[in-house]
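Only one chain is given next, in structure tokens, and it is the form predicted on its own.
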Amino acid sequence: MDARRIAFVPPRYGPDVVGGAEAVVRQVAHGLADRGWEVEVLTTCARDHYTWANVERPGPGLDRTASGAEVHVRRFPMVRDTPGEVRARVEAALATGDVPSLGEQEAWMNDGPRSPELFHHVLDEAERFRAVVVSPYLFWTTFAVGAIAPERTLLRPCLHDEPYARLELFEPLLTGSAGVWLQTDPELDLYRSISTPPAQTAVVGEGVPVPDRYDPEGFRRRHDLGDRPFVLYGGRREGAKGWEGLLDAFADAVRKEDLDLTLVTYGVGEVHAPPDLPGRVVDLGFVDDATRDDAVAAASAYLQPSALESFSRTVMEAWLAGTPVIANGAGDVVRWHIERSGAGLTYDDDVELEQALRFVAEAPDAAAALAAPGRDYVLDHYTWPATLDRMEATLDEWFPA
């Protein structure tokens, strides 16, 4: 074993992957490589979590950090050769509150995308690494690889308060991993409510890159937005993230004809903009980091409709840009951030969401003032240097060379 060699095992990896958990794995890998660690990323050829199509070339590759440090990436094909019937049946049972048997849970896990070649590679190579970091908890790659060498496994679960997290299937991973990195105190509270965290568990947080500059005027010009006030949502446009509910509530508010706001969105997933509101929902598709930062800086508010967040880095990106946040109050983590920072509003139903939208549309100066403490909150708690310091301290303590 090399004293400074570490492996990361995310289900997807790369600059084109949309997903907060996966993005953070890449940034931690880059951060440790910049600090002299020999970093390997063992992942699949998939980029899209809807199709799991093998679009990346299998085999070894190289990902360089901004300073030129090397992150060695080895990709393995994803396999989808099962009908998915068990998976659909178990998920339908979970949706109605039923708890499948352990056998059904195991069948569910193996009735979806898998990467046997990745599993066998880690089986052969695990002892070369001081630690093997698996994340997030829900995917086959984490479940299977996390069982290979528990004494070297460092779990970064990104837990959400959802039925999957309470499946007995995950208990060995949650209780038997050698170490656990968590992002927030509410995630630790959730962990304790569903399992027993290992003794070597720490809330290490998460870092958020701080942009050197923003260009909100340029963003408006490039996307023909003029002076139109708009609210922003970025990421996965899907039911689990609250997209459809947000879109419906926004459309209802706009149809009352006195709400002067446009909804701009970027990311992946179908948007389904209401046809009776032409031009009031603008889809940018996948955007690069600079465009995302400029969009956040130009927005009147950032919307976070998801109740299933373990950190919510887009909220931090909004606060860094001086933009207030309007968030679903059902999400413990984001509500916790807003209560600590004071830089946003939460809503519990569509009426409260409409009131929050009217506030940012009709009182822009007050909305800007609301956002003011957000930037200091992020800089005080979630910079990369401080986060990497905490991560390295746990590696030295939990996995001595």
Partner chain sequence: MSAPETAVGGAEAGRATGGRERILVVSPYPPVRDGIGAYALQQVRSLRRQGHHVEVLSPTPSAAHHHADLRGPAGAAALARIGTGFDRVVVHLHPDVIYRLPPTAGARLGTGLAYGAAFRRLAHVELRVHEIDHRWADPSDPTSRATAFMLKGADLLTVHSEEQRSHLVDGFGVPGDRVHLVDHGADFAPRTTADRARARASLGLPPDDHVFLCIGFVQPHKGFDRAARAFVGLGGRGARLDVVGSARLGDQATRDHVAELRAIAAREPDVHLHLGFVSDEMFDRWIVAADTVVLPYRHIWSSSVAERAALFDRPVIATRVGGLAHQVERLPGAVLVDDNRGLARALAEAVGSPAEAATPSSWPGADGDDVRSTVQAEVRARAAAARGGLPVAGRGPTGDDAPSPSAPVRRLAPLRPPAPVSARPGVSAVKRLMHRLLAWELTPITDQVNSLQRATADALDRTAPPPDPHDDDADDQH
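Positions refer to the first chain, counted from 1. Since the structure is predicted, the reported quantities are computational estimates derived from the model, not experimental observations.
Not pictured, yet referred to below: the form predicted in complex with its partner chain.
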Discussion item. Would you classify Ala330 as touching its partner chain in the predicted complex, given a 4.5 Å non-hydrogen atom cut-off?
Written reply: no
Worksheet item: At the 4.5 Å heavy atom threshold, is Pro163 in contact with its partner chain in the predicted complex?
Response: no
Worksheet item: Taking the shortest heavy atom distance, is Thr291 within 4.5 Å of its partner chain in the predicted complex?
Response: no
Discussion item. Test of understanding: in the predicted complex, would Arg114 fall inside 4.5 Å of its partner chain by heavy atoms?
Written reply: yes
Item to complete: Determine which one of 275-283, 259-267, 209-217, 150-158 lies within 4.5 Å of its partner chain in the predicted complex, judging by heavy atom distances; exactly one does.
Response: 150-158
Worksheet, complete the sentence: Among Glu85, Asp252, Asp124, Glu91, just one has a heavy atom within 4.5 Å of its partner chain in the predicted complex, namely Asp124
Discussion item. Just to confirm, with a 4.5 Å cut-off on non-hydrogen atoms, which of Asp185, Glu168, Asp248, Asp98 contacts its partner chain in the predicted complex?
Written reply: Glu168
Discussion item. With the distance limit set at 4.5 angstroms and only heavy atoms considered, check whether Leu102, Pro172 and Thr175 all reach its partner chain in the predicted complex.
Written reply: yes
Worksheet item: Hey, which residues along 96-113 are within 4.5 angstroms of its partner chain in the predicted complex, non-hydrogen atoms only?
Response: Leu102, Glu106, Asn110
